[in-house]
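Just the one chain here, laid out as structure tokens, in the form predicted alone.
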Amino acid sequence: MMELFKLFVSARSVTVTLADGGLYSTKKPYRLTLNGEDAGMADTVVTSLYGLWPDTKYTLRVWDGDKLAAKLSFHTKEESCTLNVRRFGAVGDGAHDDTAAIQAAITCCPKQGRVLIPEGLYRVKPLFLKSHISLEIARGATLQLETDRSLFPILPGMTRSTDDTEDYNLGSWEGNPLDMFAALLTGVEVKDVLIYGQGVADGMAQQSDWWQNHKVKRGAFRGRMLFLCRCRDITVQGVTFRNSPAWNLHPYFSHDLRFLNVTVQAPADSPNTDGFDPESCRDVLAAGVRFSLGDDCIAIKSGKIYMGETYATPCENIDIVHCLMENGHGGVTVGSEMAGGVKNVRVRECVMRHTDRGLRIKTRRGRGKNGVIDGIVFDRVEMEQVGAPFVVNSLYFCDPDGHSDYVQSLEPQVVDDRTPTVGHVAFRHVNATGVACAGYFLGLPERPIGKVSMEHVNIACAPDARPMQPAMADCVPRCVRKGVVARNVAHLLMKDVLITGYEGEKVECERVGCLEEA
């Protein structure tokens, strides 16, 4: 029998893992029954069921045809009551402003209660979450974000304390404490919250001006779909997020977070619509999430230099499993806002298709001594039509001084408090087809990348690949059908690495302390 694991149980939903050896999709579809009743079909490894009853024992059975493949029993949690937003005055016709009604239901919801948004189109301005509640966006329900930014509340980036000794940070933009518009769903210092359901949260950016002159600050910086500021014990399950003004899911200085069976969508040409950007967070699980958007699918961050020096809070213990990344600049990106450090990131059993890069690490001089990237592992990952599957770039030309001699110099600079570190990055059991460059590892000459491990890796360059710049640094040319390039790396381990379709050398090394091949 296949292994069947329980990931999460609420009062009215459950998420399980069907471990049949598939990555994002199961190897075959399975029929499900719940307490003997039909519960539909499952074709994804991470699968969620909804419409359960609180405080009830269930037995889930997974059927391969007429054969029982797996069985699991679980007990749903208790629920105090359900508050239907229609009873608070929500209309759900897509024209009426339903903000006040839905916010009233959230504010009035008791501990262990559920706010239910039933089928309908609900036009809303940003909504603010409350601790110890569940918010269900039901099948057929869509929250449509107001398109007029002048009606949005603003989260101030920095407010000084009364005695002028500390600061209170709310808003954030690209790693700095700056004013931002509130998100469609905003949580500030809330805990024990579940946002779930088979409905949609639509940022409506395609019908507003968020993506026009997107680099220009107008009133405040662009908001997100979900912004969690200093929150803990938050679960997001099943909801589809689409057409965000900027980043989609942005947890910020938060911990104990779960994102399960979520879908994140945006047009391929939409600017800065990153899918999932945990920033200075810890103990985060993303399981069964599907991305298709216009920027990095997942971007793991910890702020620029002020936030890195002041708060010194790394993003750490991030587990990304059974996810599908389709389109976008990077499958999983670390940085470039990483001045607080990024540690212990594991990407396993995932699929990446048509992303520019697979793993993309971006750092640069000036990110600081707390900017330590270490313990990044890709394990059992499949990549299809990914331009450059592995990129570590310590000369990333971001920010106004990105092309300066200090940032881009190929000569060793003084190691000081401005110098970041890249430790160990590992790739195991990875298959990548249709690539333009097998891998590009570019460390600082004064502080090389500590170790790059490639074990049991198969890479096939595409005969019709288009030239690309694998690492965005001034010294990196566009290339095509290229092997692995390693510059300023202390230790490069290549064990059972097969690269086909490349031209020139399989491995180009410059200032590599130890090259170990097996």
Partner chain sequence: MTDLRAGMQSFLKEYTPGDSLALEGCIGLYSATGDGRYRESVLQGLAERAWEDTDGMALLFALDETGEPRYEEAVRALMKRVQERMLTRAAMSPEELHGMMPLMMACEMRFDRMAHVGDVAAQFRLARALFYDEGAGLYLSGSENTLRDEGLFLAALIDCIDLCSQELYEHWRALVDLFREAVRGLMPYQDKSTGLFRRHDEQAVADAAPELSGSALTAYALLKGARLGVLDPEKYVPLARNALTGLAAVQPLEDSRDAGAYMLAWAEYLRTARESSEVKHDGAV
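Numbering follows the first chain given and starts at 1. This one's a predicted model, so the numbers in the text were calculated from it and none came from an experiment.
The same protein has a further form, the form predicted together with its partner chain, not shown here; the description that follows concerns it.
Colleague: Just to confirm the contact call: exactly one of 159-167, 245-253, 375-383, 337-345 touches its partner chain in the model of the complex at a 4.5 Å heavy atom cutoff, so which is it?
Modeller: Flagged stretch: 159-167.
Colleague: Tell me, which of Asp97, Asp417, Asp93, Asp401 has a heavy atom within 4.5 angstroms of its partner chain in the model of the complex?
Modeller: Exactly one listed residue reaches within 4.5 Å, namely Asp401.
Colleague: Only one of Phe221, Phe291, Tyr396, Trp211 has a non-hydrogen atom within 4.5 angstroms of its partner chain in the model of the complex; which is it?
Modeller: Contact residue from the list: Phe221.
Colleague: Do Phe88 and its partner chain come within 4.5 Å of each other in the model of the complex, heavy atoms counted?
Modeller: Because no heavy atom of Phe88 falls inside 4.5 Å of its partner chain in the model of the complex, the answer is no.
Colleague: How about Trp173: is it within 4.5 Å of its partner chain in the model of the complex, going by heavy atoms?
Modeller: Because a heavy atom of Trp173 falls inside 4.5 Å of its partner chain in the model of the complex, the answer is yes.
Colleague: Would Leu410 sit within 4.5 Å of its partner chain in the model of the complex, counting heavy atoms only?
Modeller: Residue-level check for Leu410: no, no contact with its partner chain.
Colleague: I'd like to check something about Leu178: if you look in the model of the complex, is any of its heavy atoms closer than or equal to 4.5 Å to a heavy atom of its partner chain?
Modeller: Yes, Leu178 sits close enough to its partner chain in the model of the complex that at least one of its heavy atoms falls within 4.5 Å.
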